[in-house]
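Next up: a single chain in structure tokens, the form predicted on its own.
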């Protein structure tokens, strides 16, 4: 089984070596590709110096563009599954194998969730997460406890869909839409670390704006979207 770790990276010069070296040393059974999303710092330079597997985008496309580039790479190279793994060091590689096992139970997408067995804290950011979870439950009748988690694994069918559709983003509204199309989505409990170095692009204001925009998309926009027939999607050859 060919397994790929996709690492979108934007200005992660302070974190990328620690993240990738851990994967190389301890999880060599997985291939990886770093998608440098037009970083303005030394991220690409560090990757080239270390001879990391690198897909170097000439401009910043954002998470959606970077992740789609990674999935196009996965499709082109015949991978059976691919997992999004942040380059900031917050995701823990020890959970990749349990996520894979959950995927192999017949799921199309598995989310590494912080809140399957743990309670969601009562903060403003988590209020937005609750709103998105409620929107997904209301429109799909499926409970997703951590819809904004960036640690997600996709099977072959999903690799093909995401790689072939420009309007597919690795965001909760697309996950919600795919559930309505018949995709099987599951979660397993994971833990995530705090960012050690660098700054997240998600400020408080951006976070609130993001939560509102995604929630409205789930509640209003996605119902007008033409449904994909998941069963008829050809698997990556």
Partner chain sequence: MLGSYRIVLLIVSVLTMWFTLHKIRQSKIKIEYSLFWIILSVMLVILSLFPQIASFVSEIIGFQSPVNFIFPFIIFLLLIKLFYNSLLLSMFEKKIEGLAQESSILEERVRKLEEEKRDDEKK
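Remember, it's a predicted structure, so these values are computed and weren't measured experimentally. Positions refer to the first chain, counted from 1.
What comes next is about the form predicted together with the partner chain, which is not displayed.
- Annotated contacts: 85, 98 and 115 are all free of the partner chain in the predicted bound form [non-hydrogen atom within 4.5 angstroms].
- Shown alone here, residue 72 lies within 4.5 Å of the partner chain in the predicted bound form, counting heavy atoms only.
- With a 4.5 Å cutoff on heavy atoms, residue 169 does not count as touching the partner chain in the predicted bound form; it lies far away.
- At a distance threshold of 4.5 angstroms between non-hydrogen atoms, residue 38 is out of contact with the partner chain in the predicted bound form.
- Remark: residue 120 does not count among the residues lining the partner chain in the predicted bound form, judged by a heavy atom distance of 4.5 Å or less.
- Between the partner chain and the residues 193, 29, 45, 56, the one pair within 4.5 Å by heavy atoms in the predicted bound form involves 56.
- Exactly one of the stretches 99-107, 125-133, 143-151, 73-81 approaches the partner chain in the predicted bound form with heavy atoms within 4.5 Å, and it is 73-81.
- Shown without its partner, the chain has 33, 48, 51, 52 in segment 13-52 as residues with a non-hydrogen atom within 4.5 angstroms of the partner chain in the predicted bound form.
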